[in-house]
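Okay, so here's just one chain, in structure tokens, the form predicted on its own.
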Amino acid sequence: MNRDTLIHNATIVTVNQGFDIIDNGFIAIRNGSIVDIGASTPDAPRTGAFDGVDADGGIVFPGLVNTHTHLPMTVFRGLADDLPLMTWLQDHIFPAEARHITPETVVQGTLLACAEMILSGTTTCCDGYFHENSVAEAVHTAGIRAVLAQGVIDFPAPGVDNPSSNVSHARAFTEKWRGRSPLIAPSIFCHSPYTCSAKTLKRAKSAAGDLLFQIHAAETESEYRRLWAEQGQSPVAYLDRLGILDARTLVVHGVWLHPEDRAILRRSGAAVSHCPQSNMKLASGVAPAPQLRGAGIPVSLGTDGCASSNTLDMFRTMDMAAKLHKVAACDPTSMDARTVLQMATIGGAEVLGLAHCIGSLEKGKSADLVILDAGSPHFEPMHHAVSHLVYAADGADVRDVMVAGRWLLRRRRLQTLDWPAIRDPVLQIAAAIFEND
């Protein structure tokens, strides 16, 4: 059972509805949930009744929510940089996956990803890949919260040699993991509307049922033009015609969107995961995230996989998201720090259907939180904590991480994972990839 914990001497950024910021605050945690939160006063809970944790004047905020990644692809970090998307995929990533992705390499790549996320303040992620049972076992070991999706694609893939069984394989994964862990929710992920047929898309969406359905869509201009040539519609309009878009659909990227596509997304209730690092590195374009938010479409933030973004540090993603849209619009007020932090916390929780339990620090919610060490020179002076979280902080500033009241990181030491035991097998995998690629 989780020990009762009292975090004190903290600047608390709640990201609640009022976006309250509490100076010299405390958070009381019992049985994995927040039971009290507020300013330290004579009436505040005493550490004698709890395991007292001094935040040393640091910033405490909700754990970051990464709504799009491919965890095992950490093993391909830096493998094929500075290439167009289709060249990168077809000439490098797909062949490398065929040669090197096994249940064993997936476990090691996922453990590496979990270590990186914990150390950089991510407490919840949304993944889509192959051999997802192995991903789930590794995530369960790490103790982070996750929505995990078995990948579906219309050609032989790791673990699914026969494409005709791709949807049944995904369905079996969801049945195995539904209700198995309070921290893991199963999902189904179709790679894209150009790698999955209409029949596959409809079957996969039906198999997902009330679970989250994920799909890359409208990522590049070439995809947009291809769908227009083949279907006479944009990717979003095509998915809508097939009945794929609804409130349990997460559209990943959403770069090449026109006003009519935004109207479709708004009407359908579908959400978008914005991945600025990957979009910038692959030169896919600039997703109209501010316009989507202005239209009432839920928009969250994702890093994408390490093969295309090279890092799972959500602090980098927040900083890039804010600055990208300012320069794209020539407007310094676009995507302000508060908006970006919301997208990376409660916004991500909403997109994943988890806002009832995570995404903000409030009584009754799960204790998924981060303590940031604010003692470094780049934090001084601290006029606005939210500004520092988005523009000054990075993953190396994370001191402690908790999920559901359980410490995953204490004073920069991983509590559930053994880093040397993860690193050595990953280096062996990397050597094999280097030798063959």
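When you see a residue number, it is the position in the sequence shown, counting from 1. Here the structure is a predicted model, which is why all the values come from computation and not from measurement.
Missing here is the form predicted in complex with another copy of the chain; even so, the following discussion is about that form.
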Taking 119, 378 and 434 as the candidate spot, are all three within 4.5 angstroms of another copy of the chain in the model of the complex by heavy atoms? yes
Of 280, 247, 242, 172, the only residue with a heavy atom within 4.5 Å of another copy of the chain in the model of the complex is 280
Quick one: of 140, 293, 323, 203, which gets a non-hydrogen atom within 4.5 angstroms of another copy of the chain in the model of the complex? 323
Only one of 142 to 150, 231 to 239, 335 to 343, 156 to 164 gets a heavy atom within 4.5 Å of another copy of the chain in the model of the complex; which is it? 335 to 343
Although another copy of the chain is absent from this view, report whether residue 410 comes within 4.5 Å of it in the model of the complex, heavy atoms only. no
Since only the chain is shown here, I'm wondering whether residue 198 would be in contact with another copy of the chain in the model of the complex (any heavy atom pair within 4.5 Å). no
Exercise: residue 399 in contact with another copy of the chain in the model of the complex, heavy atom 4.5 Å: no
Should residue 268 be counted as a contact of another copy of the chain in the model of the complex, where contact means heavy atoms within 4.5 Å? no
Of the residues spanning 72 to 108, the ones with some heavy atom within 4.5 Å of another copy of the chain in the model of the complex are 74, 75, 76, 77, 78, 79, 81, 82, 83, 84, 85
